[in-house]
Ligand code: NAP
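Below you'll find only one chain, the form predicted alone, shown as structure tokens.
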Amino acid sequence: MQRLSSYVLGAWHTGGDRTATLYDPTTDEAVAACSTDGIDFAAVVRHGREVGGPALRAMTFAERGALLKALSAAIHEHREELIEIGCKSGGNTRGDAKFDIDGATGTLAAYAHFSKSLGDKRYIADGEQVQLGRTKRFVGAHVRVPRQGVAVHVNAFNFPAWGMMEKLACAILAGVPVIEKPGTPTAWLAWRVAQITVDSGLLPEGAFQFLCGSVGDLLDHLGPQDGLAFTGSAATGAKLKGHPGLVARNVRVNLEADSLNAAVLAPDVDASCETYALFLQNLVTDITQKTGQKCTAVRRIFVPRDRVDEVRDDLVAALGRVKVGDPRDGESRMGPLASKAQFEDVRNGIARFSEFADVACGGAEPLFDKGCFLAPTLLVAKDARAELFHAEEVFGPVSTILPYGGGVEEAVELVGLGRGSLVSSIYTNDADWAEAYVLGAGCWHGRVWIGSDRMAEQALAPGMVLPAMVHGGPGRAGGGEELGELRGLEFYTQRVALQGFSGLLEGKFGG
């Protein structure tokens, strides 16, 4: 069994006897163990602040971007090994494992590219100068400078590589050292990526530390220059955001939490439209990719009431063609849930939902005697307004059809019952319908994806998180924001208003 370790204070630390055990969700075999016992978390924070921070801030954006580009290449060299670990430790099919790993290296490379616009500076110009005095000699300007703390990243289990590296890319480019904590059930893959990162020697000492296991009292040592970025459940996110020490010291907190993402089929789209085929294709992908364990997966499918039977039958047929099995089998298109706890949580969720919906396919019964396998599950709500569908996420291969009348106002109202999501996708060739939906529902979403015949052949799926676009959402989605090109650096930098002689500000802090 593999013993996973933490990288802190410039060395690897294996922890004590109190360990968390990781299992292969395909075979139920114990495959790894980890522990953070014995780590001095206060010293870890100081090491990042006092060693890693100054080293990063001494570099320009261009130099930090070059590090990210080289790190992307270093991780890519181990792609096949990482795919194998992803299959064994996380229940990923080969395609799902590649999705995670390529997302990690792709985001690093993207932020290396974004750094070129910042060049050899150590600050970011934020807007134009503003005349403040009687003449243009006295002006004001805004700049962003790196915060002089650490960034603690508590990542989810579903994307152990991508989730870690998308946060790291923004922080390192901004000039802020990171302390990474992966989700424990799939931490083996994150640990191997951490090993590659350390062995590459690319990042300055103290710029990257890695905790495999409990965070202990780490949060007690964060201060006003530090930040905490969390991806996971809304309940855990709320608990972290309310941590007394973080509140008392005004530590920045960025949350990406549960998201009851909605797909809406507009009434103008019939079976003859390319948009309808795209609608079905994207839904099958969202239900089955990563076994439905994606923060951007569609949980609520809004369909005009007179089209429900048609959509249900078409989705059941498409999901029925998805082979579920050992993810290392090249014919399998969906593997197991990532852990036994996740497996039981999803089963219980399906059982609760089944009281308010008809099961069109799948269900809560295990597919096999061994492992954490469930079938893709499609439900049809008896009442689209039932609170459960808009209040609880079943984080697995599960989605629910919710009938509506077809009007955009009703669609906006029903989608809003979810109280905030990462992404909503709509499928329509009616520009006015799309405009009304965006203006009505946009306030509840970090992103609205608009599918139509004119983009169907070139569209990336709505579940794809892209470095150039903002990722996050209001309300129950956490209220946070990540990525979005250089917008992703805002969490790690401080906006400073400067006032002084125009020549000085232009010469030293001009764009």
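What you see is a predicted model, and the numbers here were worked out from it, not measured in a lab. Residue positions are given as counts along the sequence shown, with the first one as 1.
What comes next is about the form predicted together with the ligand, which does not appear here.
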Partner contact for F157 in the predicted bound form: the ligand, 4.5 angstroms, heavy atom: yes
Taking the ligand as it sits in the predicted bound form, is D96 near enough to touch it, meaning that at least one heavy atom pair lies within 4.5 angstroms? no
Contact of F230 with the ligand in the predicted bound form (heavy atom, 4.5 Å): yes
Could you tell me if T236 has a non-hydrogen atom within 4.5 Å of the ligand in the predicted bound form? yes
Just to confirm, with a 4.5 Å cut-off on non-hydrogen atoms, which of L379, I85, C295, I179 contacts the ligand in the predicted bound form? C295
A112, V398, L417, L240 - the one with a heavy atom within 4.5 Å of the ligand in the predicted bound form: L240
Since the chain is shown here on its own, which stretch among 387-395, 282-290, 245-253, 403-411 would lie within 4.5 Å of the ligand in the predicted bound form, judged by heavy atoms? 387-395
At 4.5 Å, heavy atom to heavy atom, what parts of 423-448 sit next to the ligand in the predicted bound form? List them in sequence order, or say none. none
